[in-house]
Structures are given as structure tokens and as C-alpha cells.
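There is one chain below, alone, in C-alpha cells, taken in the form predicted alone.
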């Protein structure tokens, strides 16, 4: 409603707004991609589109280095300075929700239909975060290598058994053409360990925690199946089948492409350089089945709403906006990530049906397993990493796993079972 208000000889145009804000409400957003210019450019484009699509909210982005992002969020939570929109790593989300850092999302019914399971962050029966992508691991190798060594090429429907996989490694080692048959990536630390290696443990029949109660790791991480996994894992390094913890970071990044390793355990984010180097010879293979199925980790970075936001409806509206297929496809095309929906994958060159990376979407959809969905995961992950690092360096397997169980259980008790 516009009125003309006369003051002396001056005429002032005034817009009287009833029930709405006088200006756009600003929504602060934190993102873990500082230094990753392609990622920042894409998310900035999504933000600009959202801001231009309506006149109620205006998202403002602040970027953080990934290495210090989680610490920044925890510090801000204690200081009462959280932003409206949070970027959160999927397995960390239950801890932040339990600690009161995040609020459930307000999304329309069926908004998540068709999303990969790993891209949906749930805690206590509610959705707290949604990812625009997921990630998947595979065994990178070359068709020519397997054929030269007389090794069967596995498929999603018929992966290698544990015995086949172990025999393939020994066959390649005996051939003497490579520094190591496989690179498991021990140059990487932190979340890589539970993400990359706990699915092998689960395939053996163990786990980081007992998921029937989430109140103990006893039996899951130190039972017979877990010990069997630990012995297998240790053998990879003591038997010189994979480089150990002294691996140079540059070799981890380029060793497979440079021909030092016959195989590499790696993620879809590293697939494009391998595809460019080897073309039709490249293979992305499912994890071996050690008895309880072929499994890989699921859940990557996701967006959620801060509990301290004064505009939770606006923050949820932005997250809903990001869930459009065209944006999921943009992240995939720019960064090689797996689009969170099949319809978005169909819009990409690499992940569409018949595309060279289609296998990763199928792996994520069919074999992805979430890390333990508990607030205690952030501590359990560190204890699991320490146990496997020690085992890879020759520690007694039973002692290392028992120590991890004791540490995990002590943390659970200290935190009153995290509400379970």
C-alpha cells in the first residue's frame, strides 16, 4: 500500500508494510570448502539463485578450512555464535543434534523421495541434514592388469570373495611388476580410517559398535569376527601387500596413476584423473565380500539448520532450494561427486546410465553403510583409528581391539549412554 505523505513542499513516497520485515532477513551460512575454488563457485551460484528467487531471505556465505571446521562449530556453539545454516559431515551430525547444535529440518512431505540413503541425515527419528551428493569407494585397477594375471573381473552382483581377493593380491605380488599389489591409503588419517576400513570389518561380521544398543563396542569390535578382520588387515602390511603408515602422501595421490600400485582403494572423487589416464582400461570394482556382503561407507557432507538460528524457516527453505536436481548435477559435474538422486545423475555426463562413473552411484545405492548413528561416533572413530593404526604397525591385534573397546565403552558411560 503506497501513500503520498506531504511535509511542507516536499513529497515523500512511503511503503507501509504490514506483517512483513522491512528488509530481507540475512541468513548466515558456514561451509567447509575454503581453498576449494570450484566448490565455492558452485555453492555461491546456488546462493545467488536462491537470493534472487525471493525477497524474504538473503544467504551470506562464510568459508572455513575443512581441517578446522568442526572445531570452529563446536567453539561457536558454546559461545552462542552459530550461523543459521551449517555444513556437517554425515557421521558427525548425530553428535551435533544430540548436543543441541542443530534443529530438525522443516521439509515438505516426500521432499526426500529418490535421494540416496547416505545423503539423508537422521537422528532420533527426525531428519536433521540433507546432502547434495554422496561418496563411494571402489577398488581402482586396470582390466589389462587382471587379464595379464588371470584374475576374474568381479561385478556388483558377483564381487570377489575374501579368498579370491587375497589370492589376487598374492598373484600380483608374485608377478613382481608393481611396488605393491594394492594401496589402501594409510598416508591418509582421521575420518579416512573408519570410512574406508570399517566396511571391511562389517563384511567380516564385526562393527565399530554394537548397533542393537549403541551402548557398547564389546563383542562387535573385539569378537571373533573382528579379530579375524584385524589379522587380515595386519597381514596387508606385514606381508608387503600394501604400503603402510610410512607411505608418502604424494604416492597416495599419484602412485596408482604412475603405475606403482596394481590396485588402489579410493573414492569417486579421485576417479576422474584415473579415467583420464587409463580410459577404457580403468575398472572401478566393488569391495570384496568377506562373508557378510560387500560393503562400503555412506554419508558425506550435508546441510542443516542451527538450533541458534532465529530464522529456521528461512534456513530450511534454502536447504530445500539446494535439493533441486540441477544443483545436484552441478556439484557432480564440477567435483566428480555422486549426485544424490538418480534423476540428477541422468543430467550428468559421468553418472548417467552408461556413463563411466555410473558404477559409483550403484555402489552407493546398493552397498552403502552408515557409520554408527550415535553421538558417540565422534569418539569411537578416533579409538577405531588408533587401533587400526597400531595393528598396521604390528601391534597385537587382540590387545589393540580390546583397548579400543575399553575406550569407547568408557566414553559411552561418561555420557550416560548418549540417550540410548
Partner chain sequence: MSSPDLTLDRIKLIMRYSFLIAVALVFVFPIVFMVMSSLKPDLQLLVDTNSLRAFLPVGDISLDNYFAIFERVPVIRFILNSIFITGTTVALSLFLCSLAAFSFAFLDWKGREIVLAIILATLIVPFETIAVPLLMVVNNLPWFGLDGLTWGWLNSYHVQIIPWIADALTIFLFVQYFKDLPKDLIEAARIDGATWFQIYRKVIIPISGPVFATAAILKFLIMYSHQYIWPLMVIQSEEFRPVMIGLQYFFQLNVAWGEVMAYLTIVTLPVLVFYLFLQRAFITSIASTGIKG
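Residue numbers count along the first chain shown, from 1. The structure presented is a predicted model; accordingly, all values stated were derived computationally and were not measured.
Unshown form predicted in complex with the partner chain; subsequent notes refer to it.
J.: Just one of 200, 237, 188, 321 has a heavy atom within 4.5 Å of the partner chain in the predicted bound form. Which one?
T.: After the contact test, the surviving option is 188.
J.: In the predicted bound form, which of the listed residues (310, 71, 281, 292) lies with a heavy atom within 4.5 Å of the partner chain?
T.: The residue from 310, 71, 281, 292 that makes the contact is 71.
J.: Consider residue 355 of the chain shown here, and say whether it contacts the partner chain in the predicted bound form, taking contact as heavy atoms within 4.5 Å.
T.: Residue 355 lies outside the contact set for the partner chain.
J.: Could you confirm whether residue 34 comes within 4.5 Å of the partner chain in the predicted bound form, counting heavy atoms only?
T.: Judged by the heavy-atom cut-off of 4.5 Å, residue 34 is in contact with the partner chain in the predicted bound form.
J.: Taking any heavy atom pair closer than or equal to 4.5 Å as contact, tell me whether residue 258 reaches the partner chain in the predicted bound form.
T.: Close contact exists here: in the predicted bound form, residue 258 approaches the partner chain to within 4.5 Å, heavy atoms only.
J.: Classify residue 76 as contacting or not contacting the partner chain in the predicted bound form by the rule of any non-hydrogen atom within 4.5 angstroms, answering yes or no.
T.: Residue 76 belongs to the contact set for the partner chain.
J.: Is every one of 66, 249 and 254 in contact with the partner chain in the predicted bound form, taking contact as a heavy atom within 4.5 Å?
T.: The answer is yes; 66, 249 and 254 each reach the partner chain.
J.: Only one of 267-275, 302-310, 112-120, 203-211 gets a heavy atom within 4.5 Å of the partner chain in the predicted bound form; which is it?
T.: Of the options given, it is 267-275.
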